[in-house]
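Quick setup: one chain, the form predicted on its own, written in structure tokens, and binding and motion questions come after.
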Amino acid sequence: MQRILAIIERDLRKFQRSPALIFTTLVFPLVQLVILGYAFGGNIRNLKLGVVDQDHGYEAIKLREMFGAVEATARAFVTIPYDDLGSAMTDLRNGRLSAVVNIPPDFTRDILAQKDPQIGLMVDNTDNFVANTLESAFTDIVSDFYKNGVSVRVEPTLQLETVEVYPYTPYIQFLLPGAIALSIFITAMIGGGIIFIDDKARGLHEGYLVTPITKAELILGFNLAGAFKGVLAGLVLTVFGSLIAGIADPLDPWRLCKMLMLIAPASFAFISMMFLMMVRTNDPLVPRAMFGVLNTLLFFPSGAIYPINAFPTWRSCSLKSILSPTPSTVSRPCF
């Protein structure tokens, strides 16, 4: 029993001498809890919504007030007024907006004439989660439009016309860019972390340093080699992933060149980040403990599998609010 206790004491002392390992194993799982808790199925909020009011009549003002009520309570979207539909659609196609609502010029006149008025909802359907959230919110707004009473006796039917800006995008195609980045990151974890630490533990770095190779050349060589492997992994997944996802013309040379221009700096950035994190690490257990957490921290909040609008906003929290939560802190957790 004494010999067993000696082994236990040695292992615990070794664990105590590695603050990075203690922090990774004890604190990072709490971060994973927050990330994974909002990475699947969180409430999507604060979507940017362009509102084009071409009517400026009483009913249009009342409809915009309903938008403001949803913005202040449910916070599903944030309205941004536009003077013309063309500029709003340009921002929608450039990714500055999630959707555009168009109130036509004769909106109030159609209601007073007891016709069936229409409003248009143009959505960026490349993200099906965001598009479905906005369609659901505006369906509720349309159904509630006449509940507070209108100025006519016969209530016309307000119709919501939803227009999808792009063709239907399957989820596997939506996930493909995140999978490409994940393959590059895994290559960087292995080439820039595990191999680097293992070579240091085996004493290979001392062998490099007794040669004419400088430290800068050594680091640059490792980074370029890891970046090359990341580019190779990214291009392979781009081609075969495009075939699996059903993307048209996956072998188009111009498209592959543009993807190469994106994958190459991403690979070098990932491998440089891993070397920067591992350059002063001596314990071979630290990178193995960190990689799973890093994957969670970088991949899930990236928007590759679920919109980042589902995550709470950054705000400061005191230790008292964490240990003694109130209803407000439960509904708006620290992040």
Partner chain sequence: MNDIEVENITMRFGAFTAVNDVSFRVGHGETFGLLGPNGAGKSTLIRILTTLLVPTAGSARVGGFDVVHSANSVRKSIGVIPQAMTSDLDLSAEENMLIFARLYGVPGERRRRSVRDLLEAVQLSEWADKPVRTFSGGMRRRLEIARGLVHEPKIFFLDEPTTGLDPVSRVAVWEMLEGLKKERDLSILVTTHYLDEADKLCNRVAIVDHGRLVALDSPMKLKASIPGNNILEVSFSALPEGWLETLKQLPEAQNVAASDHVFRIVSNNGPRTTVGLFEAARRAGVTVASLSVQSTTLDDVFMHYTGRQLRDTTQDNAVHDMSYLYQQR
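In this text the structure is predicted, and so the values were computed from the model without any measurement. Positions refer to the first chain, counted from 1.
The same protein also exists as the form predicted together with the partner chain; that form is not shown, yet it is the one meant from here on.
- Listed stretches are 233 to 241, 87 to 95, 259 to 267, 201 to 209; the contact stretch with the partner chain in the predicted bound form is 201 to 209, by a heavy atom cutoff of 4.5 Å.
- The single contact residue among Leu224, Leu218, Ala113, Ile172, judged by any heavy atom lying within 4.5 Å of the partner chain in the predicted bound form, is Leu218.
- Contact annotation: Phe196 falls within 4.5 Å of the partner chain in the predicted bound form, judged by heavy atom distances.
- Contact check for Val279: a non-hydrogen atom falls within 4.5 Å of the partner chain in the predicted bound form.
- For the chain shown alone, Ile213 is a contact residue for the partner chain in the predicted bound form, at least one non-hydrogen atom being within 4.5 angstroms.
- The putative spot formed by Asn46, Lys62 and Arg64 is not touched by the partner chain in the predicted bound form; no residue has a non-hydrogen atom within 4.5 angstroms of it.
- The pair Arg202 and Lys14 is tighter in the predicted bound form: their Cα-Cα distance falls by no less than 3 Å compared with this form.
- The gap between the Cα atoms of Ala6 and Arg202 is smaller in the predicted bound form, by no less than 3 Å, than in this form.
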